[in-house]
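One chain comes next, on its own, written out as structure tokens in the form predicted alone.
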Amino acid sequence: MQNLPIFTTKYTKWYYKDMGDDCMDKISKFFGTYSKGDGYQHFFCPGRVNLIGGHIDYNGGRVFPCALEFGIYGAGKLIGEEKLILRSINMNSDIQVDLDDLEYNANHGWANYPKGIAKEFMDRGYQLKGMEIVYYGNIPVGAGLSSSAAIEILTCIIIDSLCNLGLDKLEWVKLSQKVENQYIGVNCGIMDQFAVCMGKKDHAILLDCDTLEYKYSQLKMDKHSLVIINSNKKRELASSKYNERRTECQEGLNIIQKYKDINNLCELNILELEKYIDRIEKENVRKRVIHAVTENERVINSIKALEKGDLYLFGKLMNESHDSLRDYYEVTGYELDTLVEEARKCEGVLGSRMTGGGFGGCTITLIERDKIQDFEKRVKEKYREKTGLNADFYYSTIGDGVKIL
């Protein structure tokens, strides 16, 4: 088991308290049940958190995500039949389909993600063999930490490895985004798949979602920590207003393109935004465009702040990001706003914002490390009092992307 991701933070036991005290025992049992001695290969793909840059990956903007050290584990092996056997330990679910029958089926639920990946491989001309793939995850489903991207990229590495296809990692990323957009029906950008695939331990990724140029940025926080809080307000992007927001952004882009030759909203700077924003008559579309352009500027300024070691400015920009997602993009909701509001009242907090797609899910807070215990106690109590829900707190170091174990 020495090849499994290792949790090294001071607050590891708190993470396991929320996920289950026997988390590592379950992982050990999973690999013991589906062992290499029985022909299985073992894999892992992390979840991700986006530090700043909300809802601009599909607007050609820059984002700043990192991979986490919890995610989804997989065990896969070839079988003699021309079938895809998919098992989820978490869902207690088995789905079997023929390789020539991989069309979307609403009754298959979670299994549509790996089915879509397999179908896309075959649509691109790759010859697949019959496979059994088993999944076990300790990433909270519906929390906005990219469980869907994790299962997509995990399935890519499993299929690629078992069938000796030899695709580049970036092809897994593009393939997975296409499946999410066209097979699942969620018009997401490329950030989630990129982050869980290309993550690097102790580093966040500055990704230009237009060009896919990227660089790693080491996070140096000797006296501070990033805390993820799950609102436990479940979110499902396919049935939410996510696609509506993307349509509104496209509408705004179409209007501005009449006056300026651009391909994405985030090509605009603040001065250009001021010049063209009044051309957009619909208030909701105008607000979406304002968020996209100003959020991209915040990401750029955040990187400059971190390069100077200015965590206070970074925290301020996190706050501004959430406020814009609340007021201009309107994707936060009462639960996320409550978590952020209560976090900002706590001593030692530099910044707090929603992370992920919104409409529920998680927040991320930058806080002085020695203030965390009081912070967790206060926020949990106030959040339960205001919403009737229990918030879960996750403490994970920044990990690597998808890997063979």
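Here the structure is a predicted model, which is why all the values come from computation and not from measurement. Numbering starts at 1 and follows the sequence shown.
Keep in mind that the form predicted in complex with alpha-D-galactopyranose (GLA) is missing from the display, and what follows is about it.
Legend entry - 4.5 Å heavy atom contact, G357 to alpha-D-galactopyranose (GLA) in the predicted bound form: Because a heavy atom of G357 falls inside 4.5 Å of alpha-D-galactopyranose (GLA) in the predicted bound form, the answer is yes.
Inset, instruction - Considering only heavy atoms, tell me if I229 and alpha-D-galactopyranose (GLA) come within 4.5 Å of each other in the predicted bound form. - result: Close contact is absent here: in the predicted bound form, I229 is far from alpha-D-galactopyranose (GLA), nothing within 4.5 Å, heavy atoms only.
Legend entry - Exercise: Y58 in contact with alpha-D-galactopyranose (GLA) in the predicted bound form, heavy atom 4.5 Å: Heavy-atom contact with alpha-D-galactopyranose (GLA) at 4.5 Å: present for Y58.
Legend entry - 4.5 Å heavy atom contact, Y73 to alpha-D-galactopyranose (GLA) in the predicted bound form: Close contact is absent here: in the predicted bound form, Y73 is far from alpha-D-galactopyranose (GLA), nothing within 4.5 Å, heavy atoms only.
Legend entry - Segment assignment from 182-190, 253-261, 76-84, 122-130: heavy atom within 4.5 Å of alpha-D-galactopyranose (GLA) in the predicted bound form: In short, 182-190.
Legend entry - Interface residue in the predicted bound form among G351, P65, G361, G54, criterion: non-hydrogen atom within 4.5 angstroms of alpha-D-galactopyranose (GLA): Answer to the contact question: G54.
Legend entry - Heavy atom within 4.5 Å of alpha-D-galactopyranose (GLA) in the predicted bound form - qualifying residues of 110-137: If the 4.5 Å heavy-atom criterion is applied to alpha-D-galactopyranose (GLA) in the predicted bound form, 110-137 yields nothing.
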